[in-house]
Each structure stands twice: as structure tokens, then as C-alpha cells.
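Just the one chain here, the form predicted alone, laid out as C-alpha cells.
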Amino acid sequence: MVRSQPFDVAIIGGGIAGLSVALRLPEHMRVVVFTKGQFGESNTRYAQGGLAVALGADDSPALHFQDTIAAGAGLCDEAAVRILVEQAPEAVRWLIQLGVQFDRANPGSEGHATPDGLLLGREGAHSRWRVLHAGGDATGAEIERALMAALRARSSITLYEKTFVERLLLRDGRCIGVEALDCEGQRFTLQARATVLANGGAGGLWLHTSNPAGATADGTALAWQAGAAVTDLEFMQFHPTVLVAHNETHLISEAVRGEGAYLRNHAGERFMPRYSAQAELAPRDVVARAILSEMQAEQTDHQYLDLRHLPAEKMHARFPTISALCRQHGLDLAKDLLPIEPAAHYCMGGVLVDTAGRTTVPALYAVGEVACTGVHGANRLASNSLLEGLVYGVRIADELAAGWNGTARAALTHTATLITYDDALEADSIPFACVDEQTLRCTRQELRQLMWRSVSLSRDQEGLLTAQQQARALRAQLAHAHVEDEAQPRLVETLNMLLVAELVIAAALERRESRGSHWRQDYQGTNVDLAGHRFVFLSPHAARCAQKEVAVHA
């Protein structure tokens, strides 16, 4: 079934990236937004720490640039980073105009603030206090609230919530819309002049994650199946501090360490000064590996976050959401050692895009975590994720509003090694079977366990090859599976997870060095020849097209 007349822009995803595109587009354009869950359920909503922007009197975009480059471990795209940090102040002002209420300093109160009174926090690897926050530690929720309110006020935007986009529609190699399954189980197609992927998030591939359940790598899978290039998938950032209590995991913002919290082992030792001169404010990959090292040395499954030396009343006021979460588990944020572990948090890689958000498929764009602009390199600087979704969302919208012919696409550069990855399964290995929800849950759990075991904070060739073989075998078991209509989205999600897991593993095998969030036990050194070098993966069909149609700059 085909729904209505064509739209100008179809946006898949309802976080800060997708909604920034939708709200920045002029009202005369017909826009449709898809969310696979309820409107407002996104990774953005759960972001605690804040949004980094150089607004302080002692700060500048140049300093923000330097910190981002340093955290990226030699893999950041400098042009993309400059765009991010230089366009950030204007984009944030636009966000405030939409109704986002960041925390402000009270007259005469202590703390760091901008000249106009916006409170600033500090997080790991930042040389200045530059992180805006809202509600103390509910920044993402406040941003999502304001953007949703603004979206509902726009009659030119159509919203499909609880609608799962199964595939992208192509005509002559160009994206022309989507095929989706609505909340009533009806499959339909919808045409659009441009389609924007903003449904990033792949944390669901790992057993331990800070991400909500919907982070199943759907956007990367959709792009890959449409022939788009993907890159940097080996770089999955593991957040150092996720609360572990009663078999549950919950993010504890990096801003807690920015306020002065310590990390301690079971012996009571503050161990981070042994690993970095920046101690608890070292980049996330350094802190996460240090915690893992202490866990292995002590043979424990967690370490501790300690705020006991900090003013209790101030900590409860600064982190009300985390404080309430701790109370739910019988812990006092300011008085107890908080049990923490690293967990999958943010994928620096994704769909290859240029600085206008264009993928290698004409009329297909990507923004936010699903995209790889190159701004994060091998290790994202804290609180640059919301900023990237905002800045590049605005850029995509401005590009589309200015008018375009639908044929422009991202170019592959000389710093990339093009790798053809054949995701086809052997026909005689694919069974035809009916599966149920329980089978899908078991398959996901098995995938998450093998990814945590072999493709997380520490990797080696033997483990990666075994994980690759097992992931492909799991995908083969479901490739021709049949399910009840209501379970179809879960089947496609599971297949998306398995496919992207294979791509992540292939990328991790290719990068024979340790850099940023990618740590190889069998290649612990950093290969200077790979600084700034990317491995770009293409399907066999896309690789053939790339040789003929996609500009490869020498």
C-alpha cells in the first residue's frame, strides 16, 4: 500500500538529530518523521551529562577543537570538527529559542557560568568548563521535551510513531522513500525526495549497555542494505561508569567525575592516577580500560565510584536523577560507594557521510550516532554527541531547504581503504522455519554475550574470528524465518543486529593496532601509518557502483 502523495523529506528517528532536521526545515516543506517506539523514546532522552559548547569567558571554539582532536586519538576529520565547534554556539542559541531550558546560575552562587548566566559543567578530557546541562542530570530529557513540543506545533510535519521502517526504497540507485510496518501491522510504502537516517545507536549488540532497548543498529543496517558505505565501526565507546545493582545497569554521567568523584577498587585505593595524569578526567577509553584492568586484577565484576568526600547536599542537587536512581537500589549517592562497570555506550562509526550529511547513495542522508562524520575519531569527547546531532541536523536541513537535485553524494577519499564485505549467506545453509518471540530473545542474548566476550574492551584475532563465525551462523538460522505479523519488527531488528555485528567484527579484524576505544591484545601498539586512516566497507554491489559512479579522490 502506498501512503498519500510524496513528501519532501522523510526522517527516521526522533532524537535530537532527527528532530533538529525536521524543525529546521521551512514550514512549506512536507516532512514526515518515523519513530519505531513511542514519540520521545530515544537515546537523546537518556543523555545525562549535557551538551558541550564553547561559551565560557575563558573558552573558545579553538580550545574545544583541540580537546576533541586529542580525544579522537589521531582519527578525527579536522574539517568536520571545525564545523562542529565553530557552528555550535549559533546552533545552541537556536535550540534555546525552541524552548530548551538549560540550567542557570543563581545570583551570587558559586560555579562556572557563561557571561549570560548559563551554568557550565566539566567532563573528562575537556580543558574548560563548557558543558551545558538541564535539570542537573536530565539534559537529554529536557531537550527531547522541548523538541517534541515544538514538533507538535508544526502542522507541516506528519508523525508516524510505533512504526518500524523495514527497508529503503531505491530507483536507479537513488533513495526514493521507505517501506514500513505501522502499529496496526499494516505494511506500506511512502515516497520522499530525500530520506534522512537519524536512528542511530548500536549498544543493544552488547550484553552490558547504557542504551535503551531500541538501540539495535537499524539505521546502519538500512543504509548497508541500500548500498551505502559504512566506516569506523570498530570504534565502540564503552562508558566507564554504569551503575550495576540488582541485575540492572544504569548510566552514571561523566559529569559526576567532572564534579570531583573518585574511582576506587575493592582495596579502597583511588587507582586512576596510576593510569593517567588526568586521573578520573582522562578520556573515556583510558578510564574504561583502567576499570577493566582493576576488575581483572581483583577478579571482581565491578569497581566503585566515590562521592563521599564531596558536599552531600550539593551532589544531590546537582544530580537529582542519579540520586533518585541510587535510592531505588538502596544506595545514597553521597554516602555510599557506588558499584560500577564499563558498558557499551556510543558508536563512533556508522554510515559514511560528508559534512552536509550526504551518504554514498543519492538522496539518502544520515545524522547523529548512525552517521560517521569523522568528528569523534577513535574516541568521542564527552558531551559532543548531542552537539553533533544538533549541528549536523541543522546543516542537513539547510542543505535541503536551499534546494538540491538529489544526485549529490559523499565522496570516498584517499585516506580510506575500500573493503568489499560479502554479507550473502550460502543458500544451502539457510533453513526455512517458523520462530517465535522466545527464539528471537534467545538469539539476541547469545549475540550480546559473544559480542561482550570477544568484541568489547579487549579484542584479539582468535576471539574476533570465532565471534564472526558464530554471528554469521546465528543470522543464517533466521535468514528465512517466518513469524507472526506482530513479531515481524523484532525479527527484522534481530537480523539487523546480527548483520551489523558482523560488520563491526570485520572492521575490528582489519584494524591491526590499538587506538582509542579499539584495543587489540595482539596489536597493543598504535600504528602511526594508520593515523587518520579509515577502513570503508561496501557490499559487493555497492563496491561495483563505487568504481563507476562514486568519486574516489586521489
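Just so you know, these numbers come straight off a predicted model, no measurement behind them. Position 1 is the first residue in the sequence shown; the rest follow in order.
This next part talks about the form predicted together with a small molecule, which is not shown.
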- Joint contact, Gly49, His239 and Arg284 to the small molecule in the predicted complex, by non-hydrogen atom at 4.5 Å: yes
- Item | Residue among Ala471, Ala382, Met272, Cys175 with a heavy atom within 4.5 Å of the small molecule in the predicted complex | Ala382
- Note on the structure: Interface check vs the small molecule in the predicted complex: of Arg130, Arg318, Arg459, His345, the one with a heavy atom inside 4.5 Å is His345
- If you check in the predicted complex, is Glu369 within 4.5 Å of the small molecule, heavy atoms only? no
- Task: Indicate whether Val244 is a 4.5 Å heavy atom neighbour of the small molecule in the predicted complex.
- Result: no
- Determine whether any heavy atom of Ser253 comes within 4.5 Å of a heavy atom of the small molecule in the predicted complex, and answer yes or no. yes
- Query: in the predicted complex, which of 274-282, 383-391, 76-84, 335-343 comes within 4.5 Å of the small molecule (heavy atoms)?
  - Reply: 383-391
